[in-house]
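In structure tokens, the next block holds one chain alone, the form predicted alone.
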Amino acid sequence: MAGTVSINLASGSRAQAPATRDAPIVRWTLIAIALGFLALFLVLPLVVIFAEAFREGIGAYFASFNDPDALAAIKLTLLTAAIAVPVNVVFGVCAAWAITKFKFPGRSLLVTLIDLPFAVSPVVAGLIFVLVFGLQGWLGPWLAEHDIKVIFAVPGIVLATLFITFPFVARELIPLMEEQGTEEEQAAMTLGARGWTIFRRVTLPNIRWALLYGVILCNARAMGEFGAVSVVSGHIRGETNTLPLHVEILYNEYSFVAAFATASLLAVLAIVTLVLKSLVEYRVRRQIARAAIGEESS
């Protein structure tokens, strides 16, 4: 019977029968449903964004970015990503190395804490930082005495973005490094290699594509984060508004062309992220295929 597994009891071998072949109407119905969802929830919103952005012509589109507030939002978004992504790369590599290469008390707790931003609402995350660093928070009075401003300032935006994005790199590296084990690093140690040399010559080449994949996802989320940043920013125009916050303000003021023009930058970022993600996955598949061919030939 198609789709079943026959077991040869005499030899103990197991052979899988051909996969189930659905009727053409079932196959095409499922494909149509999938394409319909993609068209409705992905393609149509993108078409609307760019159609509204260019509704008054290409001149009005580019004029939207001459606004000093828009330029300030772009600069702040780039600055936040430029800080958050490298910090998360360092954290992700260190956390993945510690979790996969060593056994220590609290290891399972560390893995759970890394996943915490996935479970906590971004708005709640922003409120946490307000309670810690706000004027009425735990550290607020001390920060005010030393004239250090975190909430409603750039440091608060960076901290909120760091919190939201720090799982991405670690979560891409941990499963891969667990699968690879420690044999290669131990072999390098027996040959006299130490510390940074082992990481640069042995570990990094094995994780480079997963690391790049995590960096791409982390950067996209850092630039597109809204909830947590909205809580800690104060919505100060020209100072603490990132691109998503600037889009919200323009839309609420009925500046639709400028709002959709700014939103199109985020849409382009999403498209570029998907393209880079696909390229990385393609390279990983080719690397795995070459490794499989090498094992078969040997």
Partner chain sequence: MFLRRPSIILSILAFATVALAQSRTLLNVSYDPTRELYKDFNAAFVQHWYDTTGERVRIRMSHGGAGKQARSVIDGLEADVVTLALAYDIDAIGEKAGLLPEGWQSRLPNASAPYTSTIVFLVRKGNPKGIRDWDDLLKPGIGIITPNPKTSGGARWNYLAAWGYAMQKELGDLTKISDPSKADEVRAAEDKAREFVTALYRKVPVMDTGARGSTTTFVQRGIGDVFLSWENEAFLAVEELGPDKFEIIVPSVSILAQPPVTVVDKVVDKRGTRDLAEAYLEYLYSPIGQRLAAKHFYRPYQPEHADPADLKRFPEVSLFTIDQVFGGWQRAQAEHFNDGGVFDQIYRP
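Positions refer to the first chain, counted from 1. Source: prediction; values computed, not measured.
Keep in mind that the form predicted in complex with the partner chain is not shown, yet the notes after this line are about it.
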Counting only heavy atoms and a 4.5 Å cut-off, does the partner chain in the predicted bound form sit next to every one of 94, 184 and 205?
no
Candidate from 111, 193, 79, 116 lying within 4.5 Å of the partner chain in the predicted bound form - any heavy atom:
79
Can you pick out, from 189, 98, 124, 144, the residue that has a heavy atom within 4.5 Å of the partner chain in the predicted bound form?
144
Which of 135-143, 176-184, 163-171, 102-110 lies within 4.5 Å of the partner chain in the predicted bound form, heavy atoms considered? The stretch 135-143
How about residue 257 - does it come within 4.5 Å of the partner chain in the predicted bound form, if we only consider non-hydrogen atoms?
no
Is residue 236 part of the interface with the partner chain in the predicted bound form - any heavy atom within 4.5 Å?
yes
Using a 4.5 Å heavy atom cut-off, state whether residue 227 contacts the partner chain in the predicted bound form.
no
4.5 angstroms heavy atom contact with the partner chain in the predicted bound form for residue 149
yes
Contact set, 246-265 vs the partner chain in the predicted bound form - heavy atom within 4.5 angstroms:
249, 251, 252, 253, 254, 256
